[in-house]
Ligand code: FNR
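Next up is one chain by itself, shown in structure tokens, the form predicted on its own.
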Amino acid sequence: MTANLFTPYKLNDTLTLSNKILMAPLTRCMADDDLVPTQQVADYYARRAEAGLIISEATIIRPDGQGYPNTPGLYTPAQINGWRVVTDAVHKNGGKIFAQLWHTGRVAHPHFFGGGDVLSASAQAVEGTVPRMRELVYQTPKAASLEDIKQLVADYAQAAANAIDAGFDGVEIHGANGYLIDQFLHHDSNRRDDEYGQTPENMSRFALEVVDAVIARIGADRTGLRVSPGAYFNMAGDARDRAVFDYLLPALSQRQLAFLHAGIFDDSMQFDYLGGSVSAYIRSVYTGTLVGVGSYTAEAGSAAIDANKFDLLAIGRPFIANPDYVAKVRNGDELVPYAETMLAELI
């Protein structure tokens, strides 16, 4: 039974979703060489507009945030104009779409931005190579200076304003999955001894500064955030991380965001220091709207919503294989299975 997925959901006085199924952000690496989304990208999102809300693929806020080939940006006029074609197409089909704002931090690579420093919370490298370009080895990052951090906060806010200019209904700040904001929130990557390190309050400071700056530009009602309390991707876990999120999540509750989105590939993963799954932990300390994600079927997600584990369900790879995912679930039709070969094109 999935009937509860098809009732409207009021995020706030500004935004009401037509259903509780969200299209999760899915990196597709299909922008052109200037990192502008193409007409093909617009058609791809328009075909999925029946989702209650589309969260766009991760979109970089400035050149040194790029860690994958052909990922779109939101910092040049051409990129803003390209995204406007996308949002117009989604709105024409009755949908809503948020832009996911992204800086990859220590998994960025100078190959993409003509050389220069890779920035992170601390000078702690992650082992590995760039996906789709395995010849590029990750570099040891520079610990962001206080001036760097100030500029990063301003650039997130500007990207949010650019998103609204491009016609997005709001933004999701990407604070999860081992990328820049997440790198400040975990002891594996944050070894600072200043006001951005060591204590839960200090380690949460950058994330909250970004959130507050974005809210100041576009409003809390159009601002979401994704977080990964459980380290699982480009990040080693540390039991001390629990205290950071015990501080951060109640602080976020006070800001009345549009939603908080769990960052996890599989929500059945258990983290000892969180006392269970990521979504269960977030639910225990965060009071606002929670988006669950992580290999759920529609049926399992519906049951989780019934059990009050979260409020909205984000679906990822099945949306790649099934542009009409929402209609198929509503009608009880069989889904096309996802296959890795589908990543090579936008269908």
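Just so it is clear, the model here is predicted, and its values are computed rather than measured. Residues carry their position along the shown sequence, with the first being 1.
What follows is about the form predicted in complex with this ligand, which we do not show.
- Using a 4.5 angstroms limit between non-hydrogen atoms, residue 15 is distant from this ligand in the predicted bound form.
- Not displayed here, this ligand is kept clear of residue 347 by more than 4.5 Å at the level of heavy atoms in the predicted bound form.
- Among residues of the shown chain, residue 265 is one whose heavy atoms approach this ligand to within 4.5 Å in the predicted bound form.
- At the 4.5 Å threshold, heavy atoms of residue 64 stay clear of this ligand in the predicted bound form, well away from it.
- Each of 24, 27 and 316 comes within 4.5 Å of this ligand in the predicted bound form, counting any heavy atom.
- For the candidate set 54, 278, 58, 41, a heavy atom within 4.5 Å of this ligand in the predicted bound form is found for exactly one residue, namely 58.
- Only one of 162, 87, 120, 100 lies close to this ligand in the predicted bound form, with a heavy atom inside 4.5 Å, and it is 100.
- Of the stretches 316-324, 303-311, 278-286, 32-40, only 316-324 has residues with a heavy atom within 4.5 Å of this ligand in the predicted bound form.
- Contacts between 148-183 and this ligand, taken as any heavy atom within 4.5 Å in the predicted bound form, involve 174, 177.
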